[in-house]
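What follows is one chain in structure tokens, specifically the form predicted on its own.
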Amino acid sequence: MGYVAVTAGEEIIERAEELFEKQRVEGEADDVTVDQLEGQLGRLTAQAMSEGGLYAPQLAGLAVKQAQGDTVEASFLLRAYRSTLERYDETVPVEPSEMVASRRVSPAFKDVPGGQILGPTKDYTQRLLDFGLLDGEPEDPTEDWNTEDVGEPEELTNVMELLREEGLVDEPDAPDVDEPTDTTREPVTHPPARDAVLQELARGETGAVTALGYSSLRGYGQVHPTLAEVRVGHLPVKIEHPLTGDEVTVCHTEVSESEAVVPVYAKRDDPQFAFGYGLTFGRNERKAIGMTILDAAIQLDGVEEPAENPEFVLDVVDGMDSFGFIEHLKLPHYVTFQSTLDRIRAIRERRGLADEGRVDASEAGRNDDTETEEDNRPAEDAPLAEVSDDD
């Protein structure tokens, strides 16, 4: 079989795209709106924003709709759009204590300043299908709540700060840099600085971050942390006023934050906790916790366990990289596969193997005494796969 050229052309590709769009609009159901996706599927749009590195809830809803619910595809669309935007300014760093929290739980301490705030969650209920959602009218179960005179939101004390005040947390050395790394503009070099690690983890694919974090918990690592607290809330976005230089809050972003302590002692004479940190756009506590575990694991600077190797972790968790590399296997590989096929056939022919399967040496008119050294080459030498040029 010889080389087969790709002759499908532009029209076939356009029709394939139209069939994809037809899958979204066919049927008798009403077209789902971007507002519905943004409002009712907030976890989905939050994941797309987090992995896309762009906080834009409405655009995330649009990307999810266009991608038909594929979050990695939606994140890709957001990253592509983000790359077209002009950078007007940089924000002022803010403290996590400035967060207006709608949820804060501390598994480490029962009585934390400000108290436990469960907020909206189904963590403590049974996971059962609610068949009432099939055709029921939407109802607000909190419409009878008396929410008057609840007062202003309280500024919550960070639980880790309580431990730091006692000197129980081992702080990493301050980075010797003037400006933090921006991994969206500079490639990550190894060994990476911690700020680069945190940025890449924040944009990591949720499933990959969760899986690698879980690997450490299951014994493929040394980090089994205790969460100091998990928060969900809104952080202010501040810039310096171009005329006055004063800090001005221009909007708020919803984030999920997680901090944890790890009983790993850096100093024998002064035992302290190591710690990990995670923060992502939107409501995505699972990813924030996974990020926390990986941050703590990478700080151990190990190479034996996957979660402790920063190069391995950062190469694997980026959804765009894994998405592209996996998906590219669907593209034509005719030339490289033909080359591999020819080599396999040539080896089989030298060894007297017919297409139908192995044949005896006597049937092939050969005997062991006449076999050459090349014919006796171990089967492991045969190329079973070949990396194509586009890999």
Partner chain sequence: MGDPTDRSDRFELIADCDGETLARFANEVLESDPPLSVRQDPRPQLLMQQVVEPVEHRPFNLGEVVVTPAAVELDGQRGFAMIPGKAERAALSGAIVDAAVAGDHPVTDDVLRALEQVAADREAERAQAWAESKHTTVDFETMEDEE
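Numbering follows the first chain given and starts at 1. The model shown is predicted, which means the values in this text are computed figures rather than measured ones.
If you look for the form predicted in complex with its partner chain, you will not find it shown, but the lines that follow are about it.
Proximity to its partner chain in the predicted complex, taken as heavy atoms within 4.5 Å, picks out 98-106 from the listed stretches 98-106, 304-312, 130-138, 210-218. For Glu161, a non-hydrogen atom is located within 4.5 Å of its partner chain in the predicted complex, even though that partner is not displayed. In the predicted complex, Val230 stays away from its partner chain, with no heavy atom inside 4.5 Å. Contact check for Val255: a heavy atom falls within 4.5 Å of its partner chain in the predicted complex.
In the predicted complex, at least one heavy atom of Tyr277 sits within 4.5 Å of a heavy atom of its partner chain.
For the three residues Ala16, Gln66 and Phe323, a heavy atom within 4.5 Å of its partner chain turns up in the predicted complex in no case.
Interface residue among Leu198, Val72, Ile289, Val188, judged by heavy atoms within 4.5 Å of its partner chain in the predicted complex: Leu198. Scanning 67-99 for heavy atoms within 4.5 Å of its partner chain in the predicted complex gives Tyr81, Arg82, Leu85, Glu86, Arg87, Tyr88, Asp89, Glu90, Thr91, Val92, Pro93, Val94, Glu95, Pro96 in sequence order.
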